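Next comes just one chain, in structure tokens: the form predicted alone.
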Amino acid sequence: MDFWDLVICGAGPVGCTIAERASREMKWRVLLVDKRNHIGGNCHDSYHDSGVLIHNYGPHYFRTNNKTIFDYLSKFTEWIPGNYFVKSYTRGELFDFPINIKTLEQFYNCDLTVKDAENFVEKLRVCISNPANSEEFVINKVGRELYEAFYLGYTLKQWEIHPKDLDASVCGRIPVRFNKDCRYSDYKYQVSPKHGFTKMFQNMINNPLISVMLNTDYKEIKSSISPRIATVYTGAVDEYFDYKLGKLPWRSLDFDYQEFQQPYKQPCVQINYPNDFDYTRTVEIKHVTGQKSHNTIVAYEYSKSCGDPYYPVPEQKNLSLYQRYEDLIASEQSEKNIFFVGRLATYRYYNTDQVIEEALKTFDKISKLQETQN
């Protein structure tokens, strides 16, 4: 089948973005393949049997400082404000998280100015000049007591690995603020698609030049498809190469969706449970979607080591194994014009805006490649 100009394995954010650009800008015929029964990848949202819109694969809080990405996606959706507020349950109380001055005041039962808070945390922290892992990173930043209250237990549940054995970047993504800003993040654009992520991606690929094959395993059809220009692969990199160098570990998730006959169950969209219960967090996405209803859904999230891949495990041995796969990736790209993009294909953690930025960069590479071939 050489009818297609571009074949894309995976109809998530990467696949939909590249398909949209290729069909609209280059007028290419695009085949978009996904083994799931829906588009949107892990950003997929749908209506629960109760009528409440839920995020099927965990919460997606869209935020970015990149105006180009924001403007690009704004072509396909209206936005509503992203009310991304998170609390952490420890010592029998709910604390604002990430840690800020209000968190410190509540935890230590005191009043703090900005200067007071800076001096206070300076006394708490254990000075480590070059933190080598997540434990050292956090205690260097806020000290051992706050580390044990907010970080240690959550990390153990999420990864089943002690923070001292995880790369510093794992906990390094979480800020500590010397102000009273209780938002989960401080990006310039914090918004949510008005009609959901899936609707936004549907709008992106609503083009007669794009064909979508769901419930289809790319591995079963790739030998019969020969795209004229290139292939984009967004699946797990080790699976693509039949695990010939070894299997890369991933963390997966289970979700228990519980309905409550009240407009809201939680005070905010997400509550972390570092030290209590088996679940890592509870998410009531209605706080973000803005949906009005007399009932609500809370997702109880459990981390596990098997199942659909969600998070690469950032241990050095795993990163070293992926680096060996990079040599195979380079050969596939140079010899067959196969491009590996996204979290699964590059064994790297990306936020939604970051992965769309990578998709746009990849499209530019492919379009320039086609120009040189002509």
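Please read these numbers as outputs of a predicted model, since none were measured by experiment. All residue numbers are counted from 1 along the displayed sequence.
Only in words, not in the display: the form predicted in complex with a further copy of the same chain, which the text now covers.
A heavy atom within 4.5 Å of a further copy of the same chain in the model of the complex is found for one listed residue only; from Arg348, His60, Arg63, Arg29, this is Arg29. Comment: a further copy of the same chain is not present in this chain, but in the model of the complex one of Ile205, Leu73, Leu104, Cys171 has a heavy atom within 4.5 Å of it, namely Ile205. Every member of the trio Ile210, Thr216 and Ile221 reaches a further copy of the same chain in the model of the complex with some non-hydrogen atom inside 4.5 Å. The candidate stretches are 123-131, 80-88, 193-201, 144-152, and the one lying within 4.5 Å of a further copy of the same chain in the model of the complex by heavy atoms is 193-201. Residue contact check for Asn119: none of its heavy atoms lie within 4.5 Å of a further copy of the same chain in the model of the complex. For Glu335, no non-hydrogen atom is located within 4.5 Å of a further copy of the same chain in the model of the complex, even though that partner is not displayed. a further copy of the same chain in the model of the complex is approached by Gly51, whose closest heavy atom lies within 4.5 angstroms of it.
Taking non-hydrogen atoms only, Ser293 approaches a further copy of the same chain to within 4.5 angstroms in the model of the complex.
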